[in-house]
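Coming up is one lone chain in structure tokens, specifically the form predicted on its own.
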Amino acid sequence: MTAHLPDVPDHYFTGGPATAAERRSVTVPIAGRTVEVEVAPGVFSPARIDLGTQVLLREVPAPPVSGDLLDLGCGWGPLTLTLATLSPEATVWAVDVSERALDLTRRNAERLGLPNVRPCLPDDVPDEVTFAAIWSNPPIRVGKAVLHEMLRRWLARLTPSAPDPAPGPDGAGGGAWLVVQKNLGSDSLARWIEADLGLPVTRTNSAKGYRILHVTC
């Protein structure tokens, strides 16, 4: 794939799992506790939780307590691990095109004792699965065509939810929560989702150059 997208960072498409020599442990905050996880070169933000993901984790409401939840573009798993920790009765699908990212997420979920995580390639998610919530720091730099196709595919699998993100009996935060840098087109992406997909988008909080988009259906 990188042959057709020469300007896209390799971490989006790295194939094989990291070797033991490549993997290393870092300490990060996950769902209110400090934990040790494995990272490796060839995945997004391999030394820490990146700033955009930090903003999303700080601003997004708690996820639904049950059902199927999606981390779209999971990398080594910070969003997945948070979802799985906060919603142990839910099934968390960690989706990425990188086998290396999926292997790291799998290893990190096992390390943290989170049996409700399902790392998988996009085509391996059963067609009948729909999602009570989607969390994503989407790969903006893959280009609009790839990004739009990805969002068109997965936002169509949201289950209907109220647009109000206030907590309810089944947890808060239904719908999709996307974090996008403002200077990389967060507002234009919101307009595209509304116009092309016909889904309402709420521009919620902004922080450190990032905007949170809440998409419902």
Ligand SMILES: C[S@@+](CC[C@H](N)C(=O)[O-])C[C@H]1O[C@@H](n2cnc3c(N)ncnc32)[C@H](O)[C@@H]1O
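Treat the numbers as computed from the prediction; the structure is a model and nothing was measured. We number the residues from 1 along the sequence you see.
One more form of this protein exists, namely the form predicted in complex with the named molecule; it is left out here, but the text below deals with it.
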Check all three, 85, 116 and 132, heavy atom within 4.5 Å of the named molecule in the model of the complex: no
Whether residue 97 contacts the named molecule in the model of the complex should be assessed with a 4.5 Å heavy atom distance threshold; does it? yes
Given that the partner is absent here, does residue 104 sit within 4.5 Å of the named molecule in the model of the complex, heavy atoms only? no
Applying a 4.5 Å heavy atom distance criterion, does residue 177 contact the named molecule in the model of the complex? no
So in the model of the complex, does any heavy atom of residue 108 sit within 4.5 Å of the named molecule? no
In the model of the complex, residues of 54 to 77 near the named molecule [heavy atom within 4.5 Å]: 71, 72, 73, 74, 75
